[in-house]
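Here we start with a single chain on its own, the form predicted on its own, put down as structure tokens.
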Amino acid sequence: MKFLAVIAGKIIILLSRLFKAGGGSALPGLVALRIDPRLIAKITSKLKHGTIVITGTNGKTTTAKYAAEILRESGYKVVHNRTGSNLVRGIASALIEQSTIFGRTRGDIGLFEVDEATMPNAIPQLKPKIVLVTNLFRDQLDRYGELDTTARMIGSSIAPLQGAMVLLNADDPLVAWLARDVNERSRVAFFGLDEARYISTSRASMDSKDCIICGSELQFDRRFYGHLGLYSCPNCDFKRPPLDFEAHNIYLHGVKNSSVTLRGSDKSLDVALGLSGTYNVYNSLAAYALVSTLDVDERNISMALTNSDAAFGRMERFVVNGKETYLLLIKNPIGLTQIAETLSTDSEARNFMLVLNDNFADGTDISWIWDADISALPRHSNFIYTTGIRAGDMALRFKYEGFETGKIVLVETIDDAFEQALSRTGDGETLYVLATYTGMLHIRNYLTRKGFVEGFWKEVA
């Protein structure tokens, strides 16, 4: 069965890329798992160094990319679902692509980002030796429900693990609380920020603001964004746990880069990142914590983090017709809020396009756009194009936020909107394209068809 499943998957990958019908990051796995439902377990059980799982609302793809590049720099052969296709079909597709026709993997370690709701199905098959949880925010309520439901799914998934290392974001109260689900045969370590320079004042997306034990409102000595911060309960002993890995000495240099000092138990590392934003500092810290448990050489960590560019569709940079273009994934309130705040740090950011779709992979409930704080987006913009299936909803959101309606342009088709926005972007200026997941894939496929970018399968992850 495994042989037939892998053959079928490889044929679909080949046809998908031959006819430029996507990259084959989901359908091959979907079909292969119909043929052999145990395919993931059969392939990953042969990985010499086992598997690593990264889950959480935001930051999975970038954290995984950072970690993959560090591991490769250290000599590992990494099998990785690098496109962010993180349902079981995406994991299976990545395994098929990176295996022989007989299902023998070409790697020696598996690194997989896993959708939160997929954890109960994926963990028993992957049997990871390391699990990392980035954060938990409200996201795709039609799929996940409220946050406590998502936390229970993750908690029940990690509870049976034996001898695993579980890395948790201490700055997120609900994520830190997951430590209680880890049994005595596994270990827990916490990571978080130790920083006073970048403190959030926006109260948007404070989704976990009450004590999990007694229900009292938590007190935050500082918040880095959303509900991530240094918290304690005024009525019981619940508080942020001590940090095993921390980031401090943070400097955000506009939209495009930053620097940070990462610190473990007895080591400290100064790193220049090619990405900006507090959320990317968290991603680099999470990757640092993850690879530190594998005793990776710090020189390899520094080199990989410094040289790493953006992950697939996550502040990814292209040059199209001589004009700089950034593609940024948006999918929930805190993600859009953080991108708006990051863009606000660049006085030259003036040209924007937003793609809002409501396909299954985007989340069919798009009410989250009203919970995002977009007030930080620059008011001196040249234009704001809205497009996609729910372009009208996005245009309405900007109107009610008080943006100048004369600058909001609604175009139904994504290709037309992109071409118009790019043509109005001046020489030396930058176009920022913010898109939900399928919109991001559409833009990337468009750029591939036009020859401005290679298909992701031709790129080095």
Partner chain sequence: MSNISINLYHLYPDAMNLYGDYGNVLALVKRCEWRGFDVVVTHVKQGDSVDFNAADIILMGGGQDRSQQVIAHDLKQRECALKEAIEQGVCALTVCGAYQLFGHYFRTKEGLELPGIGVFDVHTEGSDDRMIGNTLIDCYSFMTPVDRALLFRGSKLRKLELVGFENHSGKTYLQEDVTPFGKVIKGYGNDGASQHEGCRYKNAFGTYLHGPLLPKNPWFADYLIVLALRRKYGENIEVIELDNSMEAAAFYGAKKRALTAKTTHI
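Numbering follows the first chain given and starts at 1. Bear in mind that the values here come from a model prediction, so they are computed numbers and not experimental data.
Here the subject shifts to the form predicted together with the partner chain, a form of this protein not shown in this document.
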Is the partner chain in the predicted complex near all of Lys65, Glu419 and Tyr432, within 4.5 Å of a heavy atom of each? no
Can any non-hydrogen atom of Asp148 be found within 4.5 angstroms of the partner chain in the predicted complex? yes
4.5 Å heavy atom contact, Asp210 to the partner chain in the predicted complex: yes
Residue-level contact is defined here as any heavy atom of the residue lying within 4.5 Å of the partner chain in the predicted complex; does Glu401 satisfy this criterion? yes
Hey, in the predicted complex, does Asp346 get a heavy atom within 4.5 angstroms of the partner chain? no
Name the residue from Trp370, Phe383, Tyr251, Phe318 that puts a heavy atom within 4.5 Å of the partner chain in the predicted complex. Trp370
Exactly one of Ala395, Leu27, Leu33, Ile414 has a non-hydrogen atom within 4.5 Å of the partner chain in the predicted complex; which residue is it? Ala395
Candidate stretches 123-131, 219-227, 370-378, 70-78 - the one whose heavy atoms come within 4.5 Å of the partner chain in the predicted complex: 370-378
Members of 349-366 lying within 4.5 angstroms of the partner chain, judged by heavy atom, in the predicted complex: Asp358, Asn359, Thr364, Asp365, Ile366
